[in-house]
Ligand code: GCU
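Quick setup: one chain, the form predicted alone, written in structure tokens, and binding and motion questions come after.
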Amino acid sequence: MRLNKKTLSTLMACVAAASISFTASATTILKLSHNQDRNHPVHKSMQYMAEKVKEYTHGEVKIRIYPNGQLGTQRESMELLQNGALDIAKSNASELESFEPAYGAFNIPYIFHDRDHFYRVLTGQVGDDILNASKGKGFIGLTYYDGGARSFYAKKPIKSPADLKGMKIRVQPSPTAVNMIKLMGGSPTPLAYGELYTALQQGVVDGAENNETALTNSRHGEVAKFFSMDEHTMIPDVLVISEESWNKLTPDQQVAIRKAAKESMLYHKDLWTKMIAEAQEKAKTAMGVSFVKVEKQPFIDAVKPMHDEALSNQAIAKYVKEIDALATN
């Protein structure tokens, strides 16, 4: 649902100071909004990028980061960004699909064979093409951040699609996610993430899907003791910049920002690897969560119609074919 005019006007007023600004010394200040806390790898990676931008532009461009959703939710930030009231925002491929269809290629279950394949795509030409696909729509992509592999967690192991039958599984409000759960035999239940702990505790939903940090950071491991590692999707976070802000930068400044953004993605890769290992260990030892390895092929077979449909979808078929071509068996 898009923001109504009153809400949008209020938010635009709140972040009026967040639009691109120039000081007397011609320093450009770009304001960046994201919804994670200061200890999250995403925030640390953005800090790294900001330092590199300052270095590469010799102090001509500085990035000021606003974490914890201070300037609005991810969707609100995207709409503010498109309206020129915000410079840079972190979103993810699921939410961006409604703003730019090209990002839908990342949301197809099992489009990535493994993490190496994932990074070949993000650091390659197809990754760049998708970042640039939204040109003319008010924003362009700068880089990706690893959001981990999403798997099922519940009060019982989910070792095959048959185990999902009759289960209500919380999903993001994404048509792709809803369709995936239906094809696997479960009952998709879109629900706000902030409501999920109570919903799992009270049986409103039987399970959910996310990466391992949901068990620890959001304490879902207290109410869901089995994490079944089917790794159905690897949906990246995406850092985007307002075209209005981008076009005010010099060509050299644009090159510097893209370089810093790319480097921050690889910096983030190492932070994320460490964070996932720590989350798994904490979930096992402190929360009693069991990590269950599963045979992925039955899940892959269940959602094959989604891959076939994507290959006939003009908006993403080109990207899907290129992603497939980068896989190694």
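Owing to the predicted nature of the structure, the values given are computational and were not obtained by experimental measurement. In this text, rigid core is short for the largest set of C-alphas that superpose within 1.5 Å between two forms. In this text, residue numbers run from 1 along the sequence as written.
There is another form of this protein, the form predicted together with the named molecule, and it is not shown here; the text below is about that form.
By the 4.5 Å heavy atom rule, the three marked residues 45, 120 and 264 all fail to count as contacting the named molecule in the model of the complex.
Although the partner is absent here, residue 100 lies well away from the named molecule in the model of the complex, with no heavy atom inside 4.5 Å. Taking the partner from the other structure, the named molecule in the model of the complex has no heavy atom within 4.5 Å of any heavy atom of residue 232.
In the model of the complex, the named molecule sits beyond 4.5 Å of every heavy atom of residue 33. For the chain shown alone, residue 237 is a contact residue for the named molecule in the model of the complex, at least one non-hydrogen atom being within 4.5 angstroms.
Heavy atoms within 4.5 Å of the named molecule in the model of the complex are found in exactly one of 134-142, 243-251, 101-109, 85-93, that being 85-93. Between the options 160, 172, 217, 179, the residue in contact with the named molecule in the model of the complex by a heavy atom within 4.5 angstroms is 172. Residue 74 is the only one in 61-86 with at least one heavy atom within 4.5 Å of the named molecule in the model of the complex. The two forms, fitted on the rigid core, differ between this form and the one not shown by less than 2 Å at the CA of residue 134. Residue 105: CA moves less than 2 Å between this form and the one not shown after rigid-core fitting. When the rigid core is held fixed, the Cα atom of residue 195 travels 2 angstroms or more between this form and the one not shown.
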